[in-house]
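This document opens with one chain alone, in structure tokens, the form predicted alone.
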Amino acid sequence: MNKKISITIDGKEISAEEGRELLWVALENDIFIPNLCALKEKDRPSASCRLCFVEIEGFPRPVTSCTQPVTEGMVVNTRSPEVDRLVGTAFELLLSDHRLGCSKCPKNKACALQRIAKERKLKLKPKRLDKFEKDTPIDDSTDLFVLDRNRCVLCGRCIWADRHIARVGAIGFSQRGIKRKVSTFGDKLLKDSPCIECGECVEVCPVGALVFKKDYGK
């Protein structure tokens, strides 16, 4: 165990393990920082969602808290005009190609996007960017769960769980830019892939892209 140090987040003095990622220190002390792609078990945070920015005294610009280790005396602010601008823009970009319809989503009231919107007072239907909504067929070929790529936020958590918990490698990212998606090799249906239907990918999905069939019709 690393030695204990003292840091300050939003004026609150906190004892933490030296070198621990700032994001987890904040969350474990009831200080909310938006995030979608972060998982405690990851050896290397991907910082792909670009939502966990904070300001640290002495740093020239905001940094992603999931990649920032804490050090003695660190002073952190989770809110500022620059942080709010970065987080708000990243959130709008995510929503620009995300199918909403929250009332019909199995993850309604348990969705990470809804919590971020509530905590940061952000709109789930921003008007600044044109909507680029995907219309991808839903893959319900397995007996256990459904994959709806129209609700996917490309956080990569399902891919990490597939490779590092299930140790299968049935899914990964394919294509680039606005066509980027979670896919099986050869873009086959999940039932025709090496997927063992363990459900680990569903457990880590922060939105309604991967849901168990027992919950899908609710």
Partner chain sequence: MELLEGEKEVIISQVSEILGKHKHNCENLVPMLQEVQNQLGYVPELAMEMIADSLEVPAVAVYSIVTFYNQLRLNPPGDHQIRVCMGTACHMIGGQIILNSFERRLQIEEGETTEDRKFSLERVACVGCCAIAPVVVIDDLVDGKVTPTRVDGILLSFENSNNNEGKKEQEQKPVERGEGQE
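Numbering follows the first chain given and starts at 1. Fair warning: this is a prediction, and the values are worked out from it, not measured in the lab.
Keep in mind the form predicted in complex with the partner chain is missing from the figure; the text below concerns it.
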Check: Since exactly one of V54, I171, A38, A26 fits, which has a heavy atom within 4.5 Å of the partner chain in the model of the complex?
Finding: I171
Checklist line | 4.5 angstroms heavy atom contact with the partner chain in the model of the complex for K188 | finding: yes
Margin query: Would you classify K42 as touching the partner chain in the model of the complex, given a 4.5 Å non-hydrogen atom cut-off?
Written below: no
Note to self: in the model of the complex, is there a heavy atom of the partner chain that lies within 4.5 Å of any heavy atom of T184, even though the partner is absent here?
What the structure shows: yes
Note to self: With the partner left out here, check for me: in the model of the complex, does some heavy atom of R163 sit within 4.5 Å of the partner chain?
What the structure shows: yes
